[in-house]
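In structure tokens, the next block holds one chain alone, the form predicted alone.
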Amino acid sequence: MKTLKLLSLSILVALAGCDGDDGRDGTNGADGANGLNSLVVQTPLAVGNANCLNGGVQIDSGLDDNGNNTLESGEVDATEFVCSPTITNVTGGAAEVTSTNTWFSQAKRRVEIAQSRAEAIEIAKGQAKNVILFVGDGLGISTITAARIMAGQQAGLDGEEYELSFDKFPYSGFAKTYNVDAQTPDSAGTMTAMMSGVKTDVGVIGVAEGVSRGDCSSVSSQELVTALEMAEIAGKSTGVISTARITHATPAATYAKSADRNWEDVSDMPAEAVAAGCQDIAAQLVNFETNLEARFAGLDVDGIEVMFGGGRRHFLPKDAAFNTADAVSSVEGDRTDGRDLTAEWQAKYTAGQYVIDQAGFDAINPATTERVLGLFNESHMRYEANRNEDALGEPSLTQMTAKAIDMLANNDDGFFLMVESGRIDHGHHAGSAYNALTDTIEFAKAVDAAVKATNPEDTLIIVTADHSHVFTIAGYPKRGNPILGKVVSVGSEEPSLAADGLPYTTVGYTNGRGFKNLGNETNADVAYGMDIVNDRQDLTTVSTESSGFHQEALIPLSSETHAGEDVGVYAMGPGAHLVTGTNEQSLIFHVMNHAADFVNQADSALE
């Protein structure tokens, strides 16, 4: 307390002396030590951050205690968050980069179109006057993808963004392809399922699973009724087209009943089956009208109007005198019963036209021709890639499809048409991606021709496959890399090398005949006359994009095999909205029946 009183007294004395002169400045003191720098760090936060669910910025501040000009975690004195607002639309602002992106806008438009379709769906049962079923034999998902890229690259694009005709269809789903007795199917069982709505065993045509393959006596009571037969009974026109033999499994399943798919003519059948009264498949095609009428009392139909395909050998006697001008074999016909089924057909249908070549096909007037049987090759028709090598010329699948529709459309009650691209399957079996893909591209063109020739309000078009193949698209090639080329990775101009130091191709096969380097050859079947090669090859100087290159295969087999995964189903027209999800392959018949009301119309015709 005494000290405080003395201090107060000195202050009073100082204040009392204010009227005197100012004293001199004292000397400057020494500089103090530098203080610490203050640092601020801003860190962007991604959408989903716990503190900013819509993203934002984290702001950390503090003193640079160790003077390294970096705000370390232990130096952070304060943290604040500036969060982005919730995005409620995709226009402008933070979402502009997204909403103006081409991929985003294209997909958004697809959703809008799908919504408008859903709103427009009405009860479509029976609204389809016409039904067209396209079957790409062996057209698995990987084949569609590769063909899409190839077609796009042929058009000068990168390829991946391209769309095949049926890629644009509004509805799609998947079909499970297994046969009743087989995990990996064949065409006979799968096509029977699509045509009749009943899945069955491998290797049998138009009959239920109660049949024993190869046993003629087991066919009785197992015969199924197909969509083509119901359309015929209902008074519609009918047609079957295939680039394979018209007696091959897929087309045969539209009209025949057989305990074995290989009974294409009488020479293929065991004697006891012939003696028991079973008919070969070629005979069943020519006798279709008679056989169908025999199954239903009082039925009167007029038979199939359009039949285009290969397989003349199964219709002609085994006699060189019956050879046609473009026969490849010294004796073209296979039949050992002496029957000329082409002559029998012409005698039965005197107003019909039998044609064997391009000139005959071109001469068909669809407006006036009542019916036609076109058998354009001794065996399968040629691949699209070597079609121009046929001695007398063969029509393309697109040409056959367009002409068939023009003919069948003459019936005011409508039509059913099945179109198969059979040689996609054969290209794969031979190990030639080039042939399989070029035939797939032609198949897509045929679908496009059908779309343009029909009215989507009265025509259901379904595009699908009977099964897939062990065909893969693999490696990590960059965008736009040739689909038949060697893998070249993103950012590189040189082929990537496998662990064995060798380049490898994007597409390949799990099994089959393996590598072939046949240059410009366009007939994949040439490979069957060569050795199987399944060891790794040095492709450094090989043009893998050439038509004659056959891809490497892992497992050596005499023929590349089918695969067991699901296949795609694409649809447009009345009832197409029923194609969705993953279903048994037999669903396809029921979609067609719902759209065209086949069963009820056939029942009415039989009353």
Partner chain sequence: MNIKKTVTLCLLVASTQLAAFAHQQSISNASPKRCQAEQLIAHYEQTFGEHHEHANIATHNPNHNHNQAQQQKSTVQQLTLLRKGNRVAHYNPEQKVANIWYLNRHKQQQLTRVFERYQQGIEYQADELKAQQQWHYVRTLVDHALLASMSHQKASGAGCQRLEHYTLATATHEFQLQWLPALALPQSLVVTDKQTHQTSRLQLVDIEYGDKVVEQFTVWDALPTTDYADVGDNENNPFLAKMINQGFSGSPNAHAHHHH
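Predicted model only: the values in this text are computed from it and were never measured. Numbering follows the first chain given and starts at 1.
The next section is about a form of this same protein that is not shown, the form predicted in complex with its partner chain.
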{"query": "Contact segment among 398 to 406, 517 to 525, 221 to 229, 144 to 152, judged by heavy atoms lying within 4.5 Å of its partner chain in the model of the complex", "finding": "517 to 525"}
{"query": "The single option of K199, R382, R335, K486 touching its partner chain in the model of the complex, heavy atom within 4.5 Å", "finding": "R382"}
{"query": "Sole residue of T100, S329, S217, N455 within 4.5 Å of its partner chain in the model of the complex, by heavy atom", "finding": "S329"}
{"query": "Heavy atom of G491 within 4.5 Å of its partner chain in the model of the complex", "finding": "no"}
{"query": "Partner contact for S559 in the model of the complex: its partner chain, 4.5 angstroms, heavy atom", "finding": "yes"}
{"query": "Its partner chain contact at G156 in the model of the complex, heavy atom, 4.5 Å", "finding": "no"}
{"query": "Contact test in the model of the complex: L392 vs its partner chain, heavy atoms, 4.5 Å", "finding": "yes"}
{"query": "Output flag, K125, K236 and K257 jointly within 4.5 Å of its partner chain in the model of the complex, heavy atom basis", "finding": "no"}
{"query": "Sequence-ordered residues of 399 to 427 touching its partner chain in the model of the complex, heavy atom within 4.5 Å", "finding": "R423, D425, H426"}
